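Just the one chain here, the form predicted on its own, laid out as structure tokens.
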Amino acid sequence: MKKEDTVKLISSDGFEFVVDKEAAMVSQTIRNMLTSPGSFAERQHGEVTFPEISTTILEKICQYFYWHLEFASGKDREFPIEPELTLELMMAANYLHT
């Protein structure tokens, strides 16, 4: 896989997730960061830092991106969410427009 086909998502703890660009584009916020005209650092370097999203939550979000690509197109399968992550995940999902 080529570097331009991936995006690096960095949590508030500094943990880096390298995901397929197509998967990351599930998020409207990330899509805007990577495709907006201009010389935004995110677009130039293909990486996005989330100072307010912990590693645990960002990992779950990355899992959701891939789940969405595979199952959200009509297949009846729920995305598993641990109850203790619900509030933080909802806040992150709201910010990411996912």
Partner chain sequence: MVENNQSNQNTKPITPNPTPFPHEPFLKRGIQEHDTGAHYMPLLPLQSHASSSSSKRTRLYNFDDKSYHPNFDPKGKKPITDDNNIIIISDTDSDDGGDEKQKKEITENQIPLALDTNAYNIDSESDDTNDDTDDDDDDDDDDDYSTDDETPRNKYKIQINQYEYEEWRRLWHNRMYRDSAKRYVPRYNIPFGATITYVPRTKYENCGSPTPFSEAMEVIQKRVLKCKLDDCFDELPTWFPKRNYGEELVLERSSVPSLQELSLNILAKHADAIVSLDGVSDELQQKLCKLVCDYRKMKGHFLELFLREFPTEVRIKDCSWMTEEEFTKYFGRLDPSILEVIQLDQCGRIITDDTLLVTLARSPNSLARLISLSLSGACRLTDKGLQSLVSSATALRSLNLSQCSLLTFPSLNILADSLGSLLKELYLDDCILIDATKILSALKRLKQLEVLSLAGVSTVSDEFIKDYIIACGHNIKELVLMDCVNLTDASMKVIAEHCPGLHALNLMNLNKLTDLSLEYLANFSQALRTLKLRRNPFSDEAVAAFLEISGKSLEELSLNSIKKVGLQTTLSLEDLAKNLHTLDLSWCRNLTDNELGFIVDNCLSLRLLKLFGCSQITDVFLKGHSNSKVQIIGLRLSPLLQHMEGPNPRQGVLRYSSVSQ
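Positions refer to the first chain, counted from 1. What you are looking at is a predicted structure, and each value in this text was computed from that prediction instead of being measured.
Below, we turn to the form predicted together with its partner chain, even though it does not appear here.
Not displayed here, its partner chain is kept clear of Y66 by more than 4.5 Å at the level of heavy atoms in the model of the complex.
Among residues of the shown chain, I61 is one whose heavy atoms approach its partner chain to within 4.5 Å in the model of the complex. Of the heavy atoms in L89, some are within 4.5 Å of its partner chain in the model of the complex. Proximity of Q28 to its partner chain in the model of the complex: non-hydrogen atoms within 4.5 Å are present. Every residue in the set A72, N94 and T98 has a non-hydrogen atom no more than 4.5 Å from its partner chain in the model of the complex.
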